[in-house]
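Encoded as structure tokens, the following chain is the form predicted on its own, with no partner shown.
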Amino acid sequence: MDKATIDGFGDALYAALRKRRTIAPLTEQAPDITLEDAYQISLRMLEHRLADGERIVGKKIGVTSKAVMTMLDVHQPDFGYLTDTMMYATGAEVPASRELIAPRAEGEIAFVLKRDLEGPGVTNADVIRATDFVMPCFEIVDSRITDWKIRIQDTVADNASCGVVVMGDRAVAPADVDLSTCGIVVSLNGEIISTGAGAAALGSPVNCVTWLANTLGRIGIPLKAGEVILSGSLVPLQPVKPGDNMSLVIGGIGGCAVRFV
């Protein structure tokens, strides 16, 4: 795909983000689009956001569950970028009616780094040593692609379908909790809607962060000290709308709550 086409798609996705509208799937508009093309499109979209004054504060990992891999017919995760304007604290009101299009919430474990990680060659032990603390969080995914009709190239181009992030109420040292077996309970408007465990994300959230460090390291991009790394959903995605209240609790780590307005 030539640069003009890549830039055009990135510009269209950025405009869709700002104007709260959707565009047709890129995989329909350009059936020969590759994953490499899609990541270049996402970087074009990111350039616009940085030009608006946003700052990169971390990265997110997506497509970590077998169910989503099957849906998208892929067998590897993907990643996107987090900026400061995406971040909220637990208990916040997220302005879904003003800033999001078709939001879906998922419960995750966020890693906050105290030192850089740069692959290839990063191990799970390296990830644990480099992590300052983990926190419970909600990632509110959103899609600028019409009706969520996405293939892997569509979601990658659209910054891994990231919307906003709500960070939880506790910071816990990663060595103080079993990140594979810790359980999660998610509630919507006072009713439990899903449960899961850390193993839902590639067997362990740590595996996800290791994958990301090594994948980005091969193209010269480090995970930096101070960054927030979202490690992938532990439960099914839940569509949300203004007026909804969600909460989650992750055993040994803590909780998180959000209201959509």
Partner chain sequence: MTLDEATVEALAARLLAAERERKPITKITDEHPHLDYDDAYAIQNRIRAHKLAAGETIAGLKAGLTSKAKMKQMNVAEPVFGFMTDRGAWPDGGAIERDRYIAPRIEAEIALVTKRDLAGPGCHLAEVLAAIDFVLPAVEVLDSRYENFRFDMVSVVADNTSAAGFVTGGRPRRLREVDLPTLGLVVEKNGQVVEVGAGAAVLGHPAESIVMLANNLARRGEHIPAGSFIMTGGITAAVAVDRGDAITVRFQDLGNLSLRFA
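Residue numbers count along the first chain shown, from 1. Quantities reported herein were computed from a predicted structural model and do not represent experimental measurements.
Keep in mind that the form predicted together with the partner chain is not shown, yet the notes after this line are about it.
By the criterion of a heavy atom within 4.5 Å, Leu216 is excluded from the residues contacting the partner chain in the predicted bound form. Asp73 falls outside the set of residues with a heavy atom inside 4.5 Å of the partner chain in the predicted bound form. In the predicted bound form, Thr181 approaches the partner chain with a heavy atom inside 4.5 Å. A residue is said to contact a partner when one of its heavy atoms sits within 4.5 Å of a partner heavy atom; Arg55 fails this definition for the partner chain in the predicted bound form, lying far away. Contact annotation: of the candidates Met167, Leu188, Ala102, Val185, the single residue with a non-hydrogen atom within 4.5 angstroms of the partner chain in the predicted bound form is Val185. Note on contacts: among Ala30, Met69, Ala199, Val228, the single residue with a heavy atom within 4.5 Å of the partner chain in the predicted bound form is Ala199. Comment: 188-196 is the region of 188-196, 219-227, 47-55, 22-30 lying near the partner chain in the predicted bound form, near meaning a non-hydrogen atom within 4.5 Å.
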